[in-house]
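Single chain ahead, written as structure tokens, the form predicted on its own.
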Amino acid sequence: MKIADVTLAQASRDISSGSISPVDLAEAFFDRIDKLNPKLTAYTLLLKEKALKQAEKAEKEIKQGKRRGPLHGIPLSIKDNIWIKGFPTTAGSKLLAGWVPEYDAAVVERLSDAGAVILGKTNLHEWAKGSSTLNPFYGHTKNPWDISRVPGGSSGGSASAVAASLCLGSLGTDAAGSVRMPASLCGTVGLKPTFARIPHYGVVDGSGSWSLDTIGILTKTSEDAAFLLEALAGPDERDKGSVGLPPLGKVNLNHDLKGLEIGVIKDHFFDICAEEVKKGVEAAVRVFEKLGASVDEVKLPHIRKAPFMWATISRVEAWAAHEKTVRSSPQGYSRGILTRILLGQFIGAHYYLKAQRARAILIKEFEDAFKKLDFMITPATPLPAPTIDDHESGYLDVDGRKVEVGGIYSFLARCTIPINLTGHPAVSTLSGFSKQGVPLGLQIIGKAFQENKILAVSHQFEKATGYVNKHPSL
């Protein structure tokens, strides 16, 4: 078996049939991690002893006919701002270097119940507040397609690990695109579910925004993402936002796209966007039309205001979470992250409330559009993965136009930010490759709580294009 070509779905079938052992699979991934992680820095902590015990238990149960489901024996990784009982959880910050949670996050509990094998914790941008995963304390994560380039952030370690076949799936968090953006830059699938669809209990406070952040999924394919979503979705009494949600049900990926109405949003998304990214979306439109869908441009009057709404809300919420620590230990933050957090103290409550009211208007515009549309599509990122040198210079090149890496928001997140504001589910999937051979991402947005349908659309697109079958050479 060639690890680099294996998907979660294929491994699940092989484990079920007995053609592969969970222990052998876990050991094969640890061997690959030992070889490749030193140059990628995707993982910051390996849980080898614990993982091999989980794999041995899974193997024994499966041989006894006690298979728990499709994740039984599957090697996964967890972003290092999600609690795992008894192991350090840093959120990418040196302030938490010695902190060990006493409880598992809700999602870790559910993966354990499903029989998954957790290989380790993945690197992230400091406090999950950036788009590069160039971490001054735990090392710079690299993009597996080109190690001179950033993987995106803040879940860059998770995306890098999945793209490099250092696990079969990973969990991240997404308050501004922190799952979809690195998925786009690393050529994986990245699912941000509807807000609160997956319980948030057990995510380090201050490493996301209270009203914007969701736990998300990174995998090689949409089929793989569906298996993880089925195991993770559902209410948890410790996360009041998740209580009373409609059930997910079984994810059926075999939907016919004939007759579907899909809207392309060009305003804002195409304003500052590399030409090859636009062409990638246009090529995707042709694929959807061949599959029987109708595609037309859709207008959302306030979409260009989204970054300003997001910046106001997220900065205030960050300051509220970090004020005490910033006042007592400012030296514990890198300069860039400290600056972003400090901005929140200068934004008055009246501006925060106005931004939330404007957000409600944007949500209504999306809901009104979805009365006529089944889905919407946009680029997932405005340009392919930039180099580490360009990102550290503070400016990125968009077809000869210089843009700031981070003004009031991270430029690489400009395509994903609006969907954190509205709370709708969205997935980034591979839509082609740039002239330099690095991935391009397509964002597919669905109606609230219809993750099963956007995964079905993404799955049909993946089958039609075959892009997800290509992997980086390492």
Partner chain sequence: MKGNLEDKIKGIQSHIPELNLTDKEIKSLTHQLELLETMLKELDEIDVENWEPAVTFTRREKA
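Residue numbers count along the first chain shown, from 1. Owing to the predicted nature of the structure, the values given are computational and were not obtained by experimental measurement.
Keep in mind that the form predicted together with the partner chain is missing from the display, and what follows is about it.
Problem set entry | Single option in K240, K258, R286, K279 placed near the partner chain in the model of the complex, where near means a heavy atom within 4.5 Å | Flagged contact: R286.
Exercise. Which one, M309, I337, L232, L171, lies within 4.5 Å of the partner chain in the model of the complex by heavy atoms?
Worked result: Looking at the other structure, the residue within range turns out to be M309.
Exercise. For the chain shown here without its partner, which stretch in 243 to 251, 398 to 406, 74 to 82, 181 to 189 has non-hydrogen atoms within 4.5 angstroms of the partner chain in the model of the complex?
Worked result: It is 398 to 406 that comes within 4.5 Å of the partner.
Exercise. Taking heavy atoms only, is S148 within 4.5 angstroms of the partner chain in the model of the complex?
Worked result: It does not: once the partner chain is placed as it appears in the model of the complex, S148 has no heavy atom within 4.5 Å of it.
Exercise. With the cut-off set at 4.5 Å between non-hydrogen atoms, does T387 touch the partner chain in the model of the complex?
Worked result: No, no contact at 4.5 Å.
Exercise. Within a 4.5 Å heavy atom cut-off, is S112 in contact with the partner chain in the model of the complex?
Worked result: No, S112 is distant from the partner.
For this session: Tell me, yes or no, whether A97 is in contact with the partner chain in the model of the complex, where a contact means a heavy atom of each within 4.5 Å.
Result: No - in the model of the complex, heavy atoms of A97 and the partner chain never come within 4.5 Å of each other.
Exercise. Along 313 to 351, which positions have a non-hydrogen atom within 4.5 Å of the partner chain in the model of the complex?
Worked result: If the 4.5 Å heavy-atom criterion is applied to the partner chain in the model of the complex, 313 to 351 yields R315, V326, R327, S328, P330, Q331, R335, L338, T339, L342, L343, Q345, F346, I347, Y351.
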